[in-house]
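Below you'll find only one chain, the form predicted alone, shown as structure tokens.
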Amino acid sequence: MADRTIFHVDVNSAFLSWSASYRVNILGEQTDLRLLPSIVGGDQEKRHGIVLAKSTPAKRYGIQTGEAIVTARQKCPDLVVVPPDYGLYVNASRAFISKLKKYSDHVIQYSIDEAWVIFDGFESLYGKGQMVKLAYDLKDEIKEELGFTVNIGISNNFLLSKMAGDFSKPDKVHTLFPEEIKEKMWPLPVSELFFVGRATTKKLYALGIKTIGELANADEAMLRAHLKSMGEVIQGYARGEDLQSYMFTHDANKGYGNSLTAPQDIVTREYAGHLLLSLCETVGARLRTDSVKIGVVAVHITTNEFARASRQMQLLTATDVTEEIYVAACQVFDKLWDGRTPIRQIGVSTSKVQSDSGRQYNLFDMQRYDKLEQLNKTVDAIRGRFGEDSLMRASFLKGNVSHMSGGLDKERRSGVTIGIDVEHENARII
């Protein structure tokens, strides 16, 4: 649409920013992590502990997201390391999306810390200049009221707005309209193009392609020969073609689903399980709102090299219970993922939708299902009345799906925590 304007809003260094904001504004700490060489990272005692997010001062030491914490400490001995707090991040994300929805009724959340805000007809009414001013107003309001900064990219398609949002950071507004592609995007290294990872970058370098502009103008047959269908996709991106709709929309007529792009590559089963639980919560709540149940659960993933895969399973009986959807999603995921390949995007979708006309019980699940069903409805009612943050799973406070017994810091939240012990093969929710 010619008069459509799209904002891509991305939280700057989300995990670290949210942790820093909470420590300063809620706990009253005097030191802001964002002003120190600091990172959010996993267990430092384990060899696989990695940097999940870094401050701007840490970046100056050459610390990279995804590198081992021990390596980051070698670069900066005085590095401050704080553990991830996924419960806090879920709450911050909800507040962030809620703020965006006050500006437009068309918001597409792409990951925990980024979303598109679509304005139809605003540009013809106010002009591009006023849309830029609106972006600055939104950016400043988030900073003042929520305590963290964002970058906003502005264009008339999803890809270009996202690319614009990745220009210089933090706390900035940038435009990237089609007429600005050659000047602003083509000179950039090809590694900065959306969905071009390290392996693809190496392949493009081997072909003599080092900038986005060179990729846009490369021989199409050569790209297909060396990169197959991915070559065609990323060349389209380099030319400003929009993202495929499957990456951020779902066909409501076929079922209920939700997906997200992880802030960092998913490389552990624990992290994947936590994200699956979050997705299943939103899917389950939507099913109960519409008084329907589903009989098929599917999981789809996109790797960091753009390879896509999906798998599904049929349930013994239709359900709308979050816990049962999650157990099924975990089983499907474990069969789908090889346990090694980094994942960028993960989603849960459901199908075989039917009216909530009852349940076909088996001998073993009648009492368990009734309890879970009632609990889910109670949680929905409380959240509907008092807000999403009034109840949260204990697992979101600890941030680890597989180790959730004891030690919960319940005094740090005003909401109530709930514990649900549902054992089924490798899936567990507490």
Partner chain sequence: MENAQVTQMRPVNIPVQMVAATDRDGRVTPIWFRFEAQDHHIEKVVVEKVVSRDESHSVGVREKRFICMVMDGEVSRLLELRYHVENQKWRIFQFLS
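Residue numbers count along the first chain shown, from 1. Nothing here was measured: the structure is a model prediction, and the numbers come from that model.
Keep in mind that the form predicted in complex with its partner chain is missing from the display, and what follows is about it.
In summary, among the residues Leu146, Val107, Val196, Ile209, the only one with a non-hydrogen atom within 4.5 Å of its partner chain in the predicted complex is Leu146.
Checking Ala307, Val296, Ala95, Val82 for any heavy atom within 4.5 Å of its partner chain in the predicted complex turns up a single hit: Ala95. The stretch among 174 to 182, 310 to 318, 199 to 207, 85 to 93 whose residues place heavy atoms within 4.5 Å of its partner chain in the predicted complex is 85 to 93. Its partner chain in the predicted complex is approached by Gly28, whose closest heavy atom lies within 4.5 angstroms of it. The closest non-hydrogen atom of Ser21 lies within 4.5 Å of its partner chain in the predicted complex.
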